[in-house]
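For this one, two forms of the same chain are given in C-alpha cells, first as structure 1 and then as structure 2.
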Structure 1
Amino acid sequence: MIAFQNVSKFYENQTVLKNITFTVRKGEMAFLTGPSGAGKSTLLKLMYLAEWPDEGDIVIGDHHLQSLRMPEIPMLRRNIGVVFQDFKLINNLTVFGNVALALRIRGVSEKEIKNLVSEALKKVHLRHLSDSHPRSLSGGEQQRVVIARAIVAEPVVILADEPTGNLDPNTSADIIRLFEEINLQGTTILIATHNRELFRNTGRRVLKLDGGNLVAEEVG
C-alpha cells in the first residue's frame, strides 16, 4: 500500500531524508518514530506531495508519485486522510461543518454529505456534538473531529503527524484506540510520533528515523 524506494530529500545543503526504503502493507497500522528533527514530518509530507522527493520513488496504492502529473494530485490526496497535531479546525464552523468542508469543496451532494459526516462522527464517538464549535471542545474532542475529517471521504490511507502531541496520556491512549478501531475496518495507518508510550506493547511495526536515516525497524 505504501512503498518508499531509495527516497532522499534535500533542503539547500541539508539532507533531510537519505536513501529511505520501507513498505507498509495494505491494512497495516504502523508507527514512525524518532527525535525532533529526524525527518518524520517531511516523510509524511512527501506522501501527499506537500513536498516532493529529490531522489527515489514513492508508491501509494496504484500511484507512483515520481511519475504523477499535476492534474492527478487531487485524486491521490482524496485517497489519503491527514491528521495534524495542531488540529487546523475552523472555529466559526460547527463540528459538522468542519468535517463536511472538504466534501463541499469537491461538490458532493448535501444528501451524501449528511450521510458521510454522520457516519464519520459516529466512528469517532462525536455525533452528539455535531452542532458544537471547536472552541467549546476539549483537546481530545478536537482531535477526534480532525480524525473524522480525515476519514469522512473513506480514504485508503491515513497519515497522522504527532496526533497526540498536545494531549494528556489518558486522552492520547484513547486516540490510539480510535485509530485501532479505524484500522480494523481496513484502513492503512501510519502514525508519526516521538512518544514511545504510544506504541509500547502494541505488537505494531515501528520504523525509527534519526538524522534523516531509517536506522531500525522493531515491533512495539
Structure 2
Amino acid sequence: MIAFQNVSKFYENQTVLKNITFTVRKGEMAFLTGPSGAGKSTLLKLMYLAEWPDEGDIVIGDHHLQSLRMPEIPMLRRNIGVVFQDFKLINNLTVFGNVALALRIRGVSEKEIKNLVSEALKKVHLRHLSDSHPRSLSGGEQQRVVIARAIVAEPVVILADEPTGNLDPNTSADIIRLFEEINLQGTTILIATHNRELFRNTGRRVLKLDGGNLVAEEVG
C-alpha cells in the first residue's frame, strides 16, 4: 500500500509538490501522469527517499516515512523495486550480476541467488542474455534487466519512472504487459509516465499531476 497525506516538497522558493494526498491500494496497479516538470519523478523519489518530503506523511507498506530513522532507510528501499528511466545499470557487471546485486545487498546466499536471478530473467524473457553486459543490449532489453532487478527480491511495491521513455511503441507495450503479469502476482505498482497511450483502455486508475498539484483522478 502507498499512502500520501498532505505531502509537499519545496526547492528553495519553488513549490514542486503541494498538499498531495492519495492512496494506492495493496495489489493495485496505477498510473501517475502529467506533463514534464509536473513533479512525477519527485513524487516517486519521495517514496524511496532519494528526496525528503518537507511536509506531510508517506506510508509505504509498514513504513511511516516521517518517523523513519536513518539506519532504516535501506530496509525501506529493499521493500521497493524501482525501475528507472535511465536504467541505472552497472556497466562492468553482467546482466546476471546486475540483477543479483539486489539480492547480494540483502545477504542472500549465492546458491539462492542463482535460482532467483534465473527465475527473474525468465520472467522478463532474458535468460539467454544472462552473461551479456548492459552496453551490448538494446534499450528494451536494458529496461527488462531493470525490471528483473526490481522484481527479483519480491518487493511490496514497484515504482516505475517513465519506464518506456526511451522505447518504441511495440517494446513499450511489451513492458506494460510485463508489469501487468507482475501485478497479477499481487505486487503494488505505480507507473509514472507522460505517455497517455500506455494507460488508455487499461481500466487502471490514473492520477494526474500538474504544476505540483494532484489535479484529477480518473480511470484509463
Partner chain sequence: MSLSYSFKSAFQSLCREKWINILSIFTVASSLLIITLTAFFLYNIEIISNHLPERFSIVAYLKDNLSQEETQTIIDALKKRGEIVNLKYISKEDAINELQQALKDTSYILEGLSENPLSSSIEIRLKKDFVTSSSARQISEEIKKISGIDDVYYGEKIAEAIYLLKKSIQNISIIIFLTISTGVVFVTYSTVKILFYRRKEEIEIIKLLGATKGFIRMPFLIEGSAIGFFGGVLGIIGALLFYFAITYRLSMVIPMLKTLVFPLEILVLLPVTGILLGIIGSVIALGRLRL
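Fair warning: this is a prediction, and the values are worked out from it, not measured in the lab. Basically, rigid core = biggest C-alpha set you can superpose within 1.5 Å across the two forms. When a residue number appears, read it as a position in the sequence of structure 1, where counting begins at 1.
Source of structure 1: the form predicted alone. Once the cores line up, the CA of Lys114 ends up less than 2 angstroms apart between structure 1 and structure 2.
Lined up on the core, Ile105 has its CA atom moved by 3.2 Å between structure 1 and structure 2.
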